[in-house]
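Just the one chain here, the form predicted alone, laid out as structure tokens.
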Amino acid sequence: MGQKLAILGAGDVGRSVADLAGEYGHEVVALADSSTAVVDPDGIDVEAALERKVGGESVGTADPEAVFETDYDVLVEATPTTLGDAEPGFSHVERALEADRHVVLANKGPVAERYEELQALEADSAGSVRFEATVGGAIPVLSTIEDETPQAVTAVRGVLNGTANFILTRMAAEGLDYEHVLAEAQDLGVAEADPTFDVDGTDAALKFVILANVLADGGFALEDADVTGIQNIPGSALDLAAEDGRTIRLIGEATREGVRVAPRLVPENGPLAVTGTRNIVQIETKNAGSLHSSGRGAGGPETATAVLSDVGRLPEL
């Protein structure tokens, strides 16, 4: 049976979820950006709404508040990730769960920064919370951990920021310095105008904090992570590593004890030396050995597939 989706956030991910929902047999009854919303209990005209948004107009004429008053089954929270109190995302989740609706998050903030509160809200609700899309884009990281059971997973490590990985790949391949490659990445749209979140390790750390919370059943926030970025890596370090058959990657690790993200030496031909913007996750398990999954860790349609696979796992309310 299809679910009725209310989507908050009309960036790349929100728009892609709206666009692809029909393929998965679901109906979009509301779509909101930060200032307006389009709502229809019988299903909105997705194509028209997306055309308005991409054309620089507002997505609809209703107030975003109207989303919560419509008859939906699943709230898709795809507003931008915020740190600390994780607002307004956290309050959106809270309202949906208090109304006994399901929530699927692409927004990392609530899961990384307020995991225990999220669990408490879920425990009191008929609805469930899922958040595959918060870690590794299209890569099925959390569902794999769920299938193996978190108790049987000892550690998760890997590369979960495409921008940082692209920069390190190019520095190694071209023998160029960080500033030069960053400028190139910005020209190509791989890096943001302000790349801090990606290059200082924060984005990757949020994802590994979420993984540590899943493994340990809570207890971690961003401030608990030990994080070092890539801004201070000299090109010469990559040259030296290459002489030894190795390269440098921004590697994160989550265990029940904590989270570390830092540039690390990895074998040039090893699984963790993914190139360009690709991501890879290595899940260490008690019974199944080491599982590797790599793919696109970002992008609208890619991340939307993770959102919609979560929607498909939710029971009917």
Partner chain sequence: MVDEPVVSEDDEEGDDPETDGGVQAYTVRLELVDEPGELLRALSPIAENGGNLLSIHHERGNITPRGHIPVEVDLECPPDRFEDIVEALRDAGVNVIQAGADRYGEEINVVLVGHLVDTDLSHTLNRIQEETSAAVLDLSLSAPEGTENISSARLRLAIDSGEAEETLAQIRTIGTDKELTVVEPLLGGDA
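Residue numbers count along the first chain shown, from 1. Note that the structure is a prediction, hence the values are computed from the model and not measured.
Omitted from view is the form predicted in complex with the partner chain, to which the following refers.
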**Request:** Examine Arg130 and determine whether its closest non-hydrogen atom to the partner chain in the predicted complex is within 4.5 angstroms.
**Result:** no
**Message:** So, Lys286 and the partner chain: in the predicted complex, are they within 4.5 Å at any heavy atom pair?
**Reply:** no
**Request:** Answer yes if any heavy atom of Asp33 is within 4.5 Å of a heavy atom of the partner chain in the predicted complex; otherwise answer no.
**Result:** no
**Message:** At 4.5 Å between heavy atoms, is Pro263 in contact with the partner chain in the predicted complex?
**Reply:** yes
**Message:** Partner absent here, but in the predicted complex, which of 107 to 115, 202 to 210, 91 to 99, 236 to 244 has residues with a heavy atom within 4.5 Å of the partner chain?
**Reply:** 236 to 244
**Request:** Note which of Asp177, Glu146, Glu87, Glu122 lies within 4.5 Å of the partner chain in the predicted complex, where distance is taken over heavy atoms; exactly one does.
**Result:** Asp177
**Message:** Just to make sure I understand: among 282 to 301, which residues lie within 4.5 Å of the partner chain in the predicted complex, judging by heavy atoms?
**Reply:** Gln282, Glu284, Ser290, His292
